[in-house]
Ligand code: IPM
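What follows is one chain in structure tokens, specifically the form predicted alone.
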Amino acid sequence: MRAKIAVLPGDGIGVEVVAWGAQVLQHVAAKYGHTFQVTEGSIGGIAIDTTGSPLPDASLEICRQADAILLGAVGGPKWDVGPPEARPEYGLLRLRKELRLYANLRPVKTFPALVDSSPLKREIVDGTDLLVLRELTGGLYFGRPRGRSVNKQGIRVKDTLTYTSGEMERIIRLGFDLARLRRKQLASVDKANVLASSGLWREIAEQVAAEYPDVEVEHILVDACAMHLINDPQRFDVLVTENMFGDILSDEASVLTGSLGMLPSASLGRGRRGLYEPVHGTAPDIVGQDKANPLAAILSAGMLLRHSLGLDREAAAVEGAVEDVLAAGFRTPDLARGATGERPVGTQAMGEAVLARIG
């Protein structure tokens, strides 16, 4: 296979971990006879510093020409000033919007070797294997009008939550399709007892459910879902929800795996091109210290191979290599618990261990 891959390292530890994701892709290409043309662009805070924009037009064009995009992370205290449109995170939001990537897939699976790394009890997290499906291009993060004004009562702020029925239906339908490929259970998450938008969401979910009689459907309020994710995560297979709820719930689910450093993600649209990134942030406190966990970025590269390039065997090889290094006791600082058999390592040693086990 020949494929064009855009790499956007971003800020902070994004630069460190995405380098290993890119190395994994090139290693896979060499092992399995593929050719991946990698082109690098800038996004986030570093792009603001060099171009004045969190998403330069040149970077956007690189992504438009690519078959898939591998992203690190964006943001940091240095750029936490000014309006939202001038901050690093806006570059990511705009990229998703421009490429029409409306669906975010965040798999949450506990690896046997890491069950005791979770702060939750073994009997709660062991066997957890769920997928959070989050709508990406609507809701509070994109609604208009928004902003602040001043009146006699002081400063007034406004954020607008807007969705169309079409935006809701396409993400809900994808949730059913993904559930059919897994254990055929779908939890539709909303706040229908309070929000008008969630009332419509539930109506559409019920309508679509009639077309999928083989999928078991559960309607669950977001606050109840947040509770059950912690006390009974094994009850869930696929969770589908709107933008902000999905953002919060998927980060909450990170404690099930023991670390945010273990969670990959994929942002997809109607075609095969997707954006792949670890869920964690830029972690400015550990930048340049060889402490960052590269496994989420490496697993994101595995998702890229599967979802955008259709290379299931190669994706399985990457995932198997990650499971092997964890079983062998390799632990970056975020995963280390001081248990017998652990082998404390840094970013580089963990990346090299994965490469050695692929194929």
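Quantities reported herein were computed from a predicted structural model and do not represent experimental measurements. When you see a residue number, it is the position in the sequence shown, counting from 1.
The following text describes the form predicted together with the ligand, which does not appear among the structures shown.
- In the predicted bound form, the ligand sits within 4.5 Å of a heavy atom of Glu89.
- In the predicted bound form, no heavy atom of Arg273 sits within 4.5 Å of the ligand.
- When the ligand is considered in the predicted bound form, Asp126 lies well away from it, no heavy atom lying within 4.5 Å.
- Not displayed here, the ligand is kept clear of Arg182 by more than 4.5 Å at the level of heavy atoms in the predicted bound form.
- With the ligand left out of view, the stretch that reaches within 4.5 Å of it through heavy atoms in the predicted bound form is, among 90 to 98, 118 to 126, 161 to 169, 185 to 193, 90 to 98.
- Using a 4.5 angstroms heavy atom cutoff to the ligand in the predicted bound form, all of Arg106, Arg134 and Tyr141 count as contacting.
- Along 237 to 259, one residue reaches a heavy atom to within 4.5 Å of the ligand in the predicted bound form: Asp247.
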